[in-house]
Every structure is written in C-alpha cells, then in structure tokens.
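Here you get one chain, nothing else, as structure tokens; it is the form predicted alone.
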C-alpha cells in the first residue's frame, strides 16, 4: 500500500515527527510512505485543510496513493474537507481504538488526526499505536464478529451511495477557484511523486493543465 502524508499550515512544524513515526510503523509491514508536505513551518507552499482535501482527492482518485494520512488542529476541518470529494472516505481518528474501529467497520481510505489536541508528551507513542492498529492486518473485516456481515454490507451500500452523490473529480477541479487548486498541487515534491505513481490518465491530464505543462 502506498500511503500519502499531508500536513496543513498550522501543524506543519510536526511534519518530521509524524512522517518518521508513520514510516517506522508501516514500512516493516510492507507499505510505502510518500511525504507531500508541508515540510515545516517555513515551507513556502502553505496548505490549508481545504487544500489538503483537494490534494487528497487527487491522489486517491488518480491512484497515486492508496491511503492518505492528514489532519489539522482538531482534525475536524480536514475530515470535512476530504469527505467533500468523490472517492474519499475519511475518518476522524484520535486514538488507537478509533483507528482499529475505522479500519474494521468503515474501511475508508483516509484519516484526519487532531495534531494540536493532546499532542504533548508521548504524542509519537499515540501516533505509533494509531498507525499499528490501522495498518496491521486486513481491514474491513467488521467488528464485533457477530456484526461482521451487516457491517460489510453497509460499507458496500455506502460506497454505492457515494458513486451517485458526487460529480466526477475532474469536473469539480475545473469549477473550483483555480488558485486554490494550484496551491494544493504546488508542493516541492508533488510533481515528482504524483507523476511517478498516478494511473488515471484523465486526472493526470487535468493536473498537467493546471501546472501549465
């Protein structure tokens, strides 16, 4: 699995600790991590949580990433922004129990973390436990065991509902404020990571047009 990390401007200074913690947990499990920034508080490419939603949607729908780890101060804004787009099911995760239950019951493809809430001593330990519970083993198995069948059925229904309630991503990107969208894909390593991994030709063409290529 290819996991993308995206930080926003108010929490950019924590990029290193989140990135290293994520890598240390998931790489031994066979997953890869791509760091899309922000890369620090002084990163000139400032991302809002709204732009995190745009960037996450591009990565997930294009196949450049299989899962997105993001967040903001409370995690709420990032979760709402990501869930505004097709092809994205983002959960708000604050502790390891949230991570396990989201993975087993909702089986989404993104989480939003509250990077300013309770992020004191032991914050990296909480992150480690969250990532372990989320990425270890097979997700989407249902929980508790006696509710596994209806839980899996409801997840399929939700996926089908989302295909009917959202427009195609390329149409959305073209209708949004273009400066907002361009800012979301102007990170230092975006082009290198995106074009190496993206698979959807229509989204790739749209991104090239946005970048003036």
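Positions refer to the first chain, counted from 1. Quantities reported herein were computed from a predicted structural model and do not represent experimental measurements.
Omitted from view is the form predicted together with a further copy of the same chain, to which the following refers.
Taking the partner from elsewhere, no residue among 15, 23 and 139 has a non-hydrogen atom within 4.5 angstroms of a further copy of the same chain in the model of the complex. In the model of the complex, residue 178 stays away from a further copy of the same chain, with no heavy atom inside 4.5 Å. Taking the partner from the other structure, a further copy of the same chain in the model of the complex has a heavy atom within 4.5 Å of a heavy atom of residue 154. Residue contact check for residue 36: none of its heavy atoms lie within 4.5 Å of a further copy of the same chain in the model of the complex. Although the partner is absent from this view, residue 30 stays clear of a further copy of the same chain in the model of the complex, with no non-hydrogen atom inside 4.5 angstroms. This chain is displayed without a further copy of the same chain, yet in the model of the complex the stretch 154 to 162 from 36 to 44, 184 to 192, 154 to 162, 61 to 69 comes within 4.5 Å of it by heavy atoms.
In sequence order, 76, 77, 79, 80, 81, 83, 84, 85, 89, 90, 91 are the residues of 76 to 91 having a heavy atom within 4.5 Å of a further copy of the same chain in the model of the complex; the partner itself is omitted from this view.
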